[in-house]
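This document starts with one chain, in the form predicted on its own, laid out as structure tokens.
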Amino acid sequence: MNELLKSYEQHYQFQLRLTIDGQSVFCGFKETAASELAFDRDEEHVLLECTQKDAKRTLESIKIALMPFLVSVSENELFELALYSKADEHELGLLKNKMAENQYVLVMMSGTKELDAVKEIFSQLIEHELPMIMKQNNLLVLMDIDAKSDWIRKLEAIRSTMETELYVSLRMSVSSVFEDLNEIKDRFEEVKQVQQLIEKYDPACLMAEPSNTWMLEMIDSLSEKKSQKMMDSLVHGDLKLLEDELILTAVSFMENNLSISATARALYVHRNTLIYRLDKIYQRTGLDIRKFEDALKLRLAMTMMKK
């Protein structure tokens, strides 16, 4: 559209200015207009101006040529354009105007074939319309957030509700918070990486964001040789000697913040049984995961085994 307006400026030898709902789309001049043409496009007010007097008939002709470019675009179409850096500043402005807040995250939902139903229920639970598109068996949502609220907990509650209603296992991968919609493409790459890391190293995790996948990203960047060297330095034994029961115990113990009582309740075992298993883990790996440092070492080593 900008190229078309520039060509008209050259042809008629005057400058043009195009404004939609008070937002400048094309600004060939800044002084007062000599002629103008105002009209409505859907629910938006369009103002076409030029620096030549008595040019209303000419502006009518330019309006006709511009109409195909002024067709209203849905928020989902604007969102998709922004994802691939194809949205201009005007289109990004339109997308921003459709959002309630000025801070955003990208939410990627996957893990089920029922994404159409997920999309419908998510819209109902979030209580206002958000841009959503389907991409390669994923539902991608541009979500505006109130930074003062616990929006992560709200998302987790929504995820849990959708699982209960649809009887599915649903994974949510979330980008970091951003304010500039020009960042959408970068946040898209980020949330895809979060999803890939979780699927590779921690498939049981159903809610993930960059702040809790930094360790996975670090491990994934290591060469096989460096990974093996690090594993040898972390564990004084063979992790393959840990049977499933001990692995489950170790994971649960770490998920419960190294609490004997909480882990015993989670595993439905007596405290003494849990202590016995922790002692067996120590005997086979040289790591006493009742200590934070040793628990971290075992977590790293167990994750590296999945490389």
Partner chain sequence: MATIQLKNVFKKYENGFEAVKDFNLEIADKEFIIFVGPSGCGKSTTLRMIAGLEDITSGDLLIDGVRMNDVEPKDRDIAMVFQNYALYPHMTVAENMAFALKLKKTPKEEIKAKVDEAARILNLETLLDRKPAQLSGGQRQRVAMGRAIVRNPKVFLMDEPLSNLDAKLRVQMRTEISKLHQRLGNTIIYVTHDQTEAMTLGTRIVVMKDGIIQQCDTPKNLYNHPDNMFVAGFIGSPQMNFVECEVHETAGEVVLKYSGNTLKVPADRAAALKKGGYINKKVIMGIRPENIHDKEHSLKEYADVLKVNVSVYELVGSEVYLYFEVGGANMIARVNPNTSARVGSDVELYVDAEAIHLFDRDTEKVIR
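Numbering follows the first chain given and starts at 1. Owing to the predicted nature of the structure, the values given are computational and were not obtained by experimental measurement.
There is another form of the same protein, the form predicted together with the partner chain; it is not shown, and what comes next is about it.
So, Leu248 and the partner chain: in the predicted complex, are they within 4.5 Å at any heavy atom pair?
Although the partner chain is absent here, Leu248 would touch it in the predicted complex, with heavy atoms inside 4.5 Å.
Tell me, yes or no, whether Gln136 is in contact with the partner chain in the predicted complex, where a contact means a heavy atom of each within 4.5 Å.
Because no heavy atom of Gln136 falls inside 4.5 Å of the partner chain in the predicted complex, the answer is no.
Using a 4.5 angstroms cut-off on non-hydrogen atoms, would Ala266 count as touching the partner chain in the predicted complex?
Contact with the partner chain, yes.
Would Ser223 count as a contact of the partner chain in the predicted complex, using a 4.5 angstroms cut-off between non-hydrogen atoms?
Contact with the partner chain, no.
I need to confirm a contact call. Of Ser74, Asn182, Ser149, Thr161, which residue comes within 4.5 Å of the partner chain in the predicted complex, counting heavy atoms only?
Of the candidates Ser74, Asn182, Ser149, Thr161, Thr161 is the one lying within 4.5 Å of the partner chain in the predicted complex.
Between Val177, Ala100, Met215, Val168, only one gets a heavy atom within 4.5 angstroms of the partner chain in the predicted complex; which residue is that?
Among Val177, Ala100, Met215, Val168, a heavy atom within 4.5 Å of the partner chain in the predicted complex occurs only for Val168.
Between the partner chain and Glu114, Ile121 and Ala157, in the predicted complex, does every residue show a non-hydrogen atom at 4.5 Å or closer?
Contact check passed for all of Glu114, Ile121 and Ala157.
What stretch, of 126-134, 228-236, 87-95, 139-147, brings heavy atoms to within 4.5 Å of the partner chain in the predicted complex?
Only one stretch passes the 4.5 Å heavy-atom test: 126-134.
Any residue of 201-220 with a heavy atom within 4.5 Å of the partner chain in the predicted complex counts; write them all down in order.
The stretch 201-220, when checked against the partner chain in the predicted complex, contributes Pro203, Leu206 at the 4.5 Å heavy-atom cut-off.
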